[in-house]
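The data below hold one chain only, encoded as structure tokens and taken in the form predicted on its own.
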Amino acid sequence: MTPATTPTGKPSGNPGVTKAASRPGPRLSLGPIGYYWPKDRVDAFYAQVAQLPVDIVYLGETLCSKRKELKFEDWLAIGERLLESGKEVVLSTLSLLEAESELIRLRFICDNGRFLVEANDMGAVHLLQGRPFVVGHSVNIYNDRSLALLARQGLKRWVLPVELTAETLADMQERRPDGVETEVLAYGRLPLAYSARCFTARARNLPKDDCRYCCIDYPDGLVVATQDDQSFLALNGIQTLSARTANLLAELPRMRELKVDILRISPQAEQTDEIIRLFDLALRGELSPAEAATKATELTPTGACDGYWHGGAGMEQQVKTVQ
């Protein structure tokens, strides 16, 4: 965690005052923590998030049910504290369910009766029918007909799949059902694939059933490099991510033109607070999107990318940074 200063190095004033509600749109969301962090770290992270200018916070384990540093009750307690600080809280579900115990936990989340739920697979969508819900990027909504179908079942918000382009989003926005919000991953490593195998355990020569929770040793995932030493992917348990971090902050004017409702930031191990403040400054017009994007790129673990948004290779960086 970094001190409560602005990205320009100036004191942030009273960190307890969150002014997100008075800011021009889109709103800002913080996605669920994708990595396996110790409970103390998670608690400290969300204590800081409560003071940051983010509107919506997604909570919960989305990848591996063996990650039990936090129990379901712990997530609910964090949610209550964030709710008291003025955040909208959403509980996120697993992206890949393989066991009856995971299905039981999914039912608990869907029936929590307190917080909105983000469904990350169609099983969760099925359980949530008739109630308002969000669908994450892993549900893979690729056309307006899917949006319309889910809207009839209670869809309140959808997250654009990370590999779709701005042009595709423009087409879908024109046909978006009334009352459905659109959210775009604007900053974070790209979630590319999920597998029944645990790649982090395999990298340590451990079987999945005896992984010894080794992914807790990689708070930003395990980066894989090519033979010519280019960072290519990041392994995170059963998930494969891009090594580079998608950074669409410079696309803020385009996002507004497309009527995107929410920009999502994915947590990373360090300086997530600074990234949120950069987005906040850009949204308020106190820093140009290009300048803010350049500063945000400097905070990425292994560089930035925006290729998918522009219709290119995902790992490409097409918008040049400000010198």
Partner chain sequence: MELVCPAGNLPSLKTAVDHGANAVYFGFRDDTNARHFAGLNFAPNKMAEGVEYARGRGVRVFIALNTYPRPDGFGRWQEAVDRAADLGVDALIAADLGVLDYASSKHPGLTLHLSVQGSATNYEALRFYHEHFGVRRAVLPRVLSMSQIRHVVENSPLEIEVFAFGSLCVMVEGRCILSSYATGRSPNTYGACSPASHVEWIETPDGLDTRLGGVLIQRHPKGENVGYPTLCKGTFRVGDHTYHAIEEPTSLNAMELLPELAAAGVKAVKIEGRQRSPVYVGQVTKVWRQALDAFARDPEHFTPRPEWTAELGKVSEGAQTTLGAYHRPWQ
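Numbering follows the first chain given and starts at 1. Just so you know, these numbers come straight off a predicted model, no measurement behind them.
The following text describes the form predicted together with its partner chain, which does not appear among the structures shown.
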### Summary
Answer key, its partner chain contact in the model of the complex at 4.5 Å (heavy atoms) among Gly154, Gly123, Pro177, Pro219: the residue is Gly123
### Task
State the residue from Arg114, Arg212, Arg107, Lys71 whose non-hydrogen atoms include one within 4.5 Å of its partner chain in the model of the complex.
Arg107
#### Entry: Exercise: Arg202 in contact with its partner chain in the model of the complex, heavy atom 4.5 Å
yes
### Query
Do Asn140 and its partner chain come within 4.5 Å of each other in the model of the complex, heavy atoms counted?
yes
### Task
Flag Gly312 as yes or no: does it have a non-hydrogen atom within 4.5 angstroms of any non-hydrogen atom of its partner chain in the model of the complex?
yes
### Message
If we define contact as a non-hydrogen atom of the residue within 4.5 angstroms of the partner, is Glu163 a contact of its partner chain in the model of the complex?
### Response
yes
### Message
Partner absent here, but in the model of the complex, which of 80-88, 124-132, 249-257, 178-186 has residues with a heavy atom within 4.5 Å of its partner chain?
### Response
124-132
### Message
Under the 4.5 Å heavy atom criterion, name the residues of 216-249 that approach its partner chain in the model of the complex, in sequence order.
### Response
Leu222, Val223, Val224, Ala225, Thr226, Gln227, Asp228, Asp229, Phe232, Leu233, Leu235, Thr240, Ser242, Ala243, Arg244
